[in-house]
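In the block that follows, a single chain appears as structure tokens, in the form predicted alone.
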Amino acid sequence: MPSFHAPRGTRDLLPDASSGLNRLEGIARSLAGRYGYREMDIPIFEQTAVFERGIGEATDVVEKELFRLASRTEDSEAWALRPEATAGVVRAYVQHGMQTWPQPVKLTVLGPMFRYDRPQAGRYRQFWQWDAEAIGDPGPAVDAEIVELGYRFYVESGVPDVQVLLNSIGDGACRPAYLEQLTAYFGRHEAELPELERRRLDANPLRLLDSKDPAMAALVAAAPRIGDCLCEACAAHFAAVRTHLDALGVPYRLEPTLVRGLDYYTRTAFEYYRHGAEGQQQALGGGGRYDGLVELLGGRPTPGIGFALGLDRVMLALEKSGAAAAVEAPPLAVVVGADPTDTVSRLRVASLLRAEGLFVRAELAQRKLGRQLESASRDHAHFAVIIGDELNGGHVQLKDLEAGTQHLVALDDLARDLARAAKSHHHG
């Protein structure tokens, strides 16, 4: 027989891991609602050109990591699984005329992303992200708000010692002069550059600052700083972002080599790290401003800013920090029966209680009552609903498994009594 397994670079989310992911998604949805971001979804695959134009052809994501889909016919469109959500959200913003909506349009997406990356710890080929976008506001206040939103997510998730790395990468007015300096600098060291970085020197010199090659570390550290070349408008914008973050009490560190990995970023760029765990593969998430992306994908010039937070990275960080794993809530009650063979009555009563919105499990194994009660205790259920001869008169026995008490309850009152117990967490 063949041995089947999950594709390399993916993993099955077993119940415990799925419970942890659901908890994080719940926190993200709660925060999105509090901050005024409306949830939407986008296809998990797009035209490849959406990513090539939006993210940039000279990025790692497009050059090496884009999960391209094989075409069944020679003349069909080229498609790729989404490596991130921003390009797809902006495509939807343009396609559906959201520029006519009251601005800014604040949107959020939760779900799996895909990159054909070399699998390693914390980097999967299918991974989960929380994405938030604010389109139509030039900032800087919205920049600080979205940075604080991401930071608040880590606080409420229980990840300790998170800090923000912050930079400004300028815009079309001041970046060209900086790129000239950067190109001249790395050009003087071309012989020291790895082959990939030599190719990028002509295509996109800014990407050299984002290199993951350890051989580039010393060169990057000595490279010209974008902060020294910001125009007056970009410098004022960045100063205002910092003023707002200071007022919000968000801890950040200026990081002059931070450029992020995607071409669409302008001005504000940021990443989240656990303190002491900085490094190319250690970012928990990040984002930045993309004031040219809407126009690049066919819309009118429109400012925007967003982030993508890796939920897999958060679960790994929580595990490393020793935080308790999320545990599924136990059933409020387990329906058991004195007659081991009468599974019909147990299932019928459980169904009635479930219809009232209660979390109830029916013990469907044909075994003695004592074994059924043991199973209910192992489930950490609050109560056992015991079906016996009393059912003929419309009653059941309700046993408090913690207190050890037991009393007769009318079947018509059972759901109400259990709901009251669930609300008050009071037994007996």
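From 1 onward, residues are counted along the sequence shown. Computed from a predicted structure; not experimentally measured.
There is another form of this protein, the form predicted in complex with ligand AMP, and it is not shown here; the text below is about that form.
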(message) Please tell me whether any heavy atom belonging to residue 129 falls inside 4.5 Å of a heavy atom of ligand AMP, as the geometry stands in the model of the complex.
(response) yes
(request) Mark residue 313 yes when one of its heavy atoms lies within 4.5 Å of a heavy atom of ligand AMP in the model of the complex, and no otherwise. (result) yes
(request) Please run the contact check for residue 354 against ligand AMP in the model of the complex: heavy atoms, 4.5 angstroms, yes or no? (result) no
(message) Whether residue 226 contacts ligand AMP in the model of the complex should be assessed with a 4.5 Å heavy atom distance threshold; does it?
(response) no
(message) Which is the contacting stretch out of 166 to 174, 193 to 201, 235 to 243, 305 to 313, given heavy atoms within 4.5 Å of ligand AMP in the model of the complex?
(response) 305 to 313
(request) Check each of 106, 274, 346, 115 and return the one that places a heavy atom within 4.5 angstroms of ligand AMP in the model of the complex. (result) 115
(message) Which residue, 124, 252, 151, 178, is the contact with ligand AMP in the model of the complex, using a 4.5 Å heavy atom cutoff?
(response) 124
(request) Scan 210 to 231 and write down, in order along the chain, each residue with a heavy atom lying within 4.5 Å of ligand AMP in the model of the complex. (result) none
